[in-house]
Structure formats: structure tokens, C-alpha cells
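Take a look at this single chain in C-alpha cells; it is the form predicted alone.
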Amino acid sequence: MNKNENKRYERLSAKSKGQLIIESENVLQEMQQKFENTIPGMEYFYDVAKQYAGGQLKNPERKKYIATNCIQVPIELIYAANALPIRICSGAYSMSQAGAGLLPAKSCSLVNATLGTIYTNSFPLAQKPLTIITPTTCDQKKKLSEIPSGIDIPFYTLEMPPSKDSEEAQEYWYRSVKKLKGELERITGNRITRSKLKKAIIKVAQAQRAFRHFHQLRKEEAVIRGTDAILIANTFFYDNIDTWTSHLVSLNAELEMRKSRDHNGSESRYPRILLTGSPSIFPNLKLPIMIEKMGGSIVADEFCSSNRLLYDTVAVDEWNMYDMVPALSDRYLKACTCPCFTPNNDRERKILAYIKDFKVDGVVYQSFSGCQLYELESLRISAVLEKENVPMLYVETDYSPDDKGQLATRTEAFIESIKNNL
């Protein structure tokens, strides 16, 4: 950058970071003050979200960290390399505005915001990441490394196959994961040993076990608001994994007590909603908050920013490197329901299973403007739900607050139509 560009960058960076803090505080305030029955155990997760927005996440051991751009990055390998995985996909409108000037007008808000985060150095930790790993699940994300924006952080492209069912696809992905292992060893300077990888797999599995318990608690009764559930999963992206797990275990115990006392987080008469499509990432909780304000109860979601993140675990037969790495690659490929795959029958199956298990009354499908994958897949999901007589509301939106009025009208009408049929 020349001198003028450097000054412009510094002004943009300071402005965007300030706006991010205000934006995040407003969302958290809305979540904490506008809804009844706030659960004390949620305070920890609200605090983590606040720290994230202010770039004040704690890293007492001063570990190096790796930025990830998708849940398809095997974080167990990063932990085994003695580094921290921090997902930098952003839900901030302020960051979306910062990145928009560097990308074509029709780019997705999430991609704009992620680039804005990188460009303005608005990472949740004080230091920059060693590298940014981007799986080839999103055509827009994987091109970020080629944007002429003066970013001095190296990108690493994690290649994924276009399908997941064939032996060729599974072998291709295994080779990609094995190559990533070598790259992480190179950039961190730490060898990934058998014992380190075993410890990392167990550590992540403990978090997944706590999350599965949390997930199951939401089946019969709405013991917690869906907006809070999405925030909890979001904080996993950047919190200390051991601390996050212990606080979720404590929250689960609290929810068990509420359940036994029949104190629901959301009244049972509310229509039970499944939220799916483009992921809601903090602080962009515009649509989830809108649904619950209008009288809906989000009992489950099928987002790559929440339920898809933690539910499935690595199945290891033998604790040796030759078994752990293939088991790791299997978990991240076979369990994935991303619309980047063709065919994608597993996603249909999972959505229908959620509808049955969580007694869902209606589905809200969110698609960010410019997100062609989720936009195209909505047609297929809509047809599947129509056969099952499950109503679906398709919402195309972005990070801007300008469409809140229109969203409120459409969401309220959808929820009222469900109420009339209950």
C-alpha cells in the first residue's frame, strides 16, 4: 500500500471495528432484554460473543492460531499441531460494508463480511493468523485469496470433491486431509504425533457429546430459545474448547432442572420452527430474532454454523495414525450435508428427520442474496417439503437492517398461518 492507501485503510479499520462493537452489543442487548425467561447459564456465552466483537478473546498461552473459513476444516489436526482453530466467517454488517468495495456488487454478504474482517485486521485475537484455510465448498470464498487487496496473510485451499459417495471422492478427500496435516506441521513447526492427534480427537468429541445432549434436550420441549442455541454453537468457533464444553455441560444441567420443573423457555403453543439455509452467524441473528419476536419457537436448525458443526463424531477403531487420519476424513466428508455436493440426498434426509424428531410445524429457509448454492438448493428442499405437507417460508436477505419491516410482515404472516392450522 502507498501512503494514502495506508491512511485510508487505517481509517476504515478503526471505523469498522467500532461499528462491529456497537452492532454486536445491540444484538446481545436485544437478546437479553427483549425476551423473557433469560437463562443464567447463557451469561457466559453472551460474554464470549462480546469479547469476540471487541477483539478481546483470551489466549493466555499465546498459542499460534489458524483461521478457518468453513466447518469442513478438520480442527482436530489444528489442535494436534498445538495451534488454535478460529473460524473467521463473519456475520457483521459493518464488516460486510468494509469488504463490499473489494468485491463485485452481487457477492454474498457473508463473503463480503469475511473479506472485510481479513482486510481490516478485525480478528478476534490480537495477533494475525498463521494462515487462512478455505475448503472449496464455496466458489466465492475460495477466490478471496486472489482478490488484489494487499492482504499479507497466506491462504491455503483445502480441496474437496464435488460429490462424497464414490470411492474416488473419498480417496481424493483423504489425500487432501493428509496433505493438510503436512502443511499444518510445516507452518506451525510442530509435528502431529499419534498421541497429540488422539488427545485432540477426544477433546473435540467431549464438546460434541455435550452438544448432542443439548440438542436432545430441545426435542420435546422448547427449554431454550433457538436464538440462544445458535449463539452457543457460534461461540464454539472461537472460544477455548475446554471452557466452552464445561459451560455447556453446566447449562445442560440447568436445562434439565428447568425441564423437570416444567419451566419452558418458550411456550408450547408457539409454532415449532426449523431454520435452515444460509447460516446465521453472530451478530447477524436478524432472522432468528425476528421469528421468535413474531411468536415462533426455533426448536432446531440445519445450519453449518450450528447443528452441523458439532453433531457427528470421529469413529476410531484403532488409535494409530493410519486409522485416525482416515477416520477423521470420513467424519468430515460423509456427515456433511453442504449443498456443494451433488447429489445431496443426505440433506433432504436430515431435514425430514429433524421435522419428525422435533415435531416441526414449519420451515424457514434463509438464503443470502448472491449465495447461489443455497438459493438453487431451496427449490429442491421446497419440493420435498411440499410432498410432506410441511409449510416453508423462503427468505432472501442480506446483512443490511433495511429489510426488517418486510421480514417482520412476511414472518408474522407465515407464523399466523401455522397457528391457524394447529
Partner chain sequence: MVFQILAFLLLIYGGYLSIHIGTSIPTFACPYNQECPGTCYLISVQHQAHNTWASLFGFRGKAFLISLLSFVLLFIVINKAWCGYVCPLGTIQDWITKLRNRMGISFSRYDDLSFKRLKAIKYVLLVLLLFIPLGMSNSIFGLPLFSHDLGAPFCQICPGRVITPLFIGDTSQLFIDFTNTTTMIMSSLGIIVLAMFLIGSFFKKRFFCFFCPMSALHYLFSRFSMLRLIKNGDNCTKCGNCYRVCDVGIKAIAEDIEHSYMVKDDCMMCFKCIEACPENDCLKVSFLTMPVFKSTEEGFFSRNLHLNSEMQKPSKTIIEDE
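Numbering follows the first chain given and starts at 1. Keep in mind that what you see is a predicted model, and the values were worked out from it rather than measured.
This next part talks about the form predicted together with its partner chain, which is not shown.
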**Complete:** Residue within 4.5 Å of its partner chain in the predicted bound form by heavy atom, from 193, 149, 190, 216, is 216
**Prompt:** Pick from 256, 165, 139, 183: which has a non-hydrogen atom within 4.5 Å of its partner chain in the predicted bound form?
**Reply:** 165
**Item:** 4.5 Å heavy atom contact, residue 247 and its partner chain in the predicted bound form
**Value:** yes
**Request:** Would you check, heavy atoms only and a 4.5 Å threshold, whether residue 170 touches its partner chain in the predicted bound form?
**Result:** yes
**Asked** Any chance residue 221 has a heavy atom within 4.5 Å of its partner chain in the predicted bound form?
**Response** no
**Message:** So in the predicted bound form, is its partner chain close enough to residue 127 to count as touching (4.5 Å, heavy atoms)?
**Reply:** no
**Message:** The chain here is shown without its partner chain. Which stretch in 282-290, 221-229, 202-210, 69-77 comes within 4.5 angstroms of it in the predicted bound form, by heavy atom distance?
**Reply:** 202-210
**Request:** Heavy atoms within 4.5 Å of its partner chain in the predicted bound form is the criterion; list the residues of 295-327 that meet it.
**Result:** 311, 313, 314, 315, 316, 317, 318, 319, 320, 322, 323, 326, 327
